[in-house]
Structure formats: structure tokens, C-alpha cells
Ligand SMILES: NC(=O)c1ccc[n+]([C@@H]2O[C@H](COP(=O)([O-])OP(=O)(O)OC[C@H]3O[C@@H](n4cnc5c(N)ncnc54)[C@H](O)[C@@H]3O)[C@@H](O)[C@H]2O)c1
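Just one chain is shown here, as C-alpha cells, and it is the form predicted alone.
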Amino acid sequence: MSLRIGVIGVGRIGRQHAQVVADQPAVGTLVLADADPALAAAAAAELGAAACPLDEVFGAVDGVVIATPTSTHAGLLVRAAEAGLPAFCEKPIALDVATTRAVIDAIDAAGAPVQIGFQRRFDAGYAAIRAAVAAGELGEVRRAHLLTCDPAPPPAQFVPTSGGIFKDCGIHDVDALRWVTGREVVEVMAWGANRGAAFFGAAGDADEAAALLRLDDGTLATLQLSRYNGAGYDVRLEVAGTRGTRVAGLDNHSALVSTEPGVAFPGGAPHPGFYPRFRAAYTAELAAFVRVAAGQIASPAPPAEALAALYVCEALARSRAEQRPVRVADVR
């Protein structure tokens, strides 16, 4: 089998994704498209791929990887669905519930498979916690703690269209929590703070956030998000039960330092950003998408999962804005 896979959007993560796709044995042709044709042509020359006008790519490939700005995801997913193409799309589908539902309706009507870019489902540490929970190794799960802390803020122009810190950063944690525990979030209480650049507050966003999430079995989870984690990129998940605790992201590249006497931890430099931290997971999820496009497996992260995570993030944003607990059912 020799697949033709298109990558739409050749910015930083798009180029990374394109290289991973090109390395898959089942991919015979890599086609790059971008709103800026010159950018697509330059990336194609660099990667030994073909460049294609954005309006023509849907008729030239067997599947597409969408790595464009968030505001374009919905329209491109619908176009891929209407063309009958399997699609991989970075999260989120859209920043609001109504648009996300409409896109999913279009995808369901067309019948083409879609995989959302929740790469933590492909991270070895997160997968190991999920397996331990399923096997009962932790006993009855009682608590979880999640962090996504960036070492430096995104560009100012990104923030107003990002959807806010919960939908941009926290959605990965919410998906991981649901996926690892197999439970649903039923209620949240969230707080945000503006301690850094003024453009966060000007956009109605926060640069520091914390939240308490209650799951449907009574498990309590805490979530911390930051745009200013000076120690480095810090992403972790801790799940504790009556028989044990498991932690993902605690390794020699963790962005923290133990102060216990005689303890030299961690032993390596912190991860500088999200791609080095999750490089193996990104590779694994795109390898899975190639199998989805080939019709070999079902989508491991279907659009309904993105909607479920968005409901929780919408509740978190509403809780922060209104300074009160919010039930996820009220968002649904």
C-alpha cells in the first residue's frame, strides 16, 4: 500500500508532523498545502515533498493532517469529510460547543474517520497509568493531579484567538484524565490570575490557573496551568488510589528540583518545550493515523472525545468568569 497524505499548515508543528508522516513506510507521497503557497513550496523543497494549492489538496490525497490555526479547524474538517477523506486534526475542533457539534454532525453524515490530536494518549507514561488503573493496581482511585506549565508565554497575537488557557492548554489534561480513569467530570471550580504580560488580561484570559474537578465516582482531581514556568516545560499526571500511586512525566528531565538531603533529582536538563517532551507520542499518534487512513484501525481519538473534553473546559472557563462551581451537565 502506498498512501498519499496531505499536511495542511506548515508552521512549526506542521513541519514536524510532515516529517513524521513522510517517515511512515505506508506513505508513498507527502503533499503539503498552506494558506501561504510560498511557505508550502519552501517546506516541500526542504522535505522532498510535493506542494499543492490549498483548494486542490482535498482531491489529491488519501488522507489529510490538519495543523493550521485553531480558527480554521472546523472548516477544513468539514471539507475533508465532504471529500470522504480520513483526517487527523490538532485540537480543538472549534472553540465553542455549537460549532463543534455542527462539525461532528457533518463528519458523522459523511462517514469518514477523524482522529483528534490528543497525543498524551500515545505517551508511554500516561498509557501505563491507564493500564494500571484498568488492572486494579491502584485499588479504588481517589485523587488525581494534573499540570501543564509552559516555560514562556505564546506570542501576544495568539492569545485572543486561543480560546483561553483552559481550552488551549487544559483540554489535553481533561482528555487525559477522562482517558486514564475512564470516568467523566461532573463539576468544576476554577480560578485564574494575571501575573504576567498585560495582553492576557486584555484578551480576557489568565496566565496562571488552578481548578478542582469532581468525577462521577467522587474522585477529586486538581489541575494547574501556567504560561510562566521558568524552570522549564512541566507536564505531569499523578493518579492515587487505595493501593498505590502512579506518576507520568516524573523523569530526569522534569522541571523541578528535590531539596531533600542527598537526593540529586532530576539528573538532566528540563524539556525546553512541548515537542521535545512528547516527540515519541507525536510520532506514535501519526503512525496510528496512517493506519486509520489505510482502513486498518478505527480512530483512537474520535471527535466525540474532543467534544466531551470541550464541555469540561467550557465549564472551567465559565467557573473562572463567574467565580462559582459549574456542573458540566449545564454546559452540555
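On a predicted model such as this, the values are computed, not experimentally measured, just so you know. Quick note: we count residues from 1 along the sequence shown, nothing fancier.
One more form of this protein exists, namely the form predicted in complex with the named molecule; it is left out here, but the text below deals with it.
> Heavy atoms, 4.5 Å, the named molecule in the predicted bound form: which of 112-120, 244-252, 128-136, 173-181 makes the cut? Say which one.
So the stretch in question is 112-120.
> Could you confirm whether Arg324 comes within 4.5 Å of the named molecule in the predicted bound form, counting heavy atoms only?
Outside the cut-off, so no.
> How about Glu238: is it within 4.5 Å of the named molecule in the predicted bound form, going by heavy atoms?
Glu238 lies outside the contact set for the named molecule.
> Counting only non-hydrogen atoms and a 4.5 angstroms cut-off, does Leu307 reach the named molecule in the predicted bound form?
Because no heavy atom of Leu307 falls inside 4.5 Å of the named molecule in the predicted bound form, the answer is no.
> I'd like to know whether Gln224 contacts the named molecule in the predicted bound form, with contact meaning heavy atoms within 4.5 angstroms.
Answer no; every heavy atom of Gln224 is more than 4.5 Å from the named molecule in the predicted bound form.
> So the named molecule isn't shown here. In the predicted bound form, which residue out of Ser299, Thr29, Thr283, Thr70 has a non-hydrogen atom within 4.5 Å of it?
Of Ser299, Thr29, Thr283, Thr70, the residue with a heavy atom within 4.5 Å of the named molecule in the predicted bound form is Thr70.
> Has each of Gly9, Ile13 and Leu39 got a heavy atom lying within 4.5 angstroms of the named molecule in the predicted bound form?
Contact check passed for all of Gly9, Ile13 and Leu39.
> Heavy atoms within 4.5 Å of the named molecule in the predicted bound form is the criterion; list the residues of 23-37 that meet it.
Read in sequence order, the residues that approach the named molecule (within 4.5 Å, in the predicted bound form) are Asp34, Ala35, Asp36.
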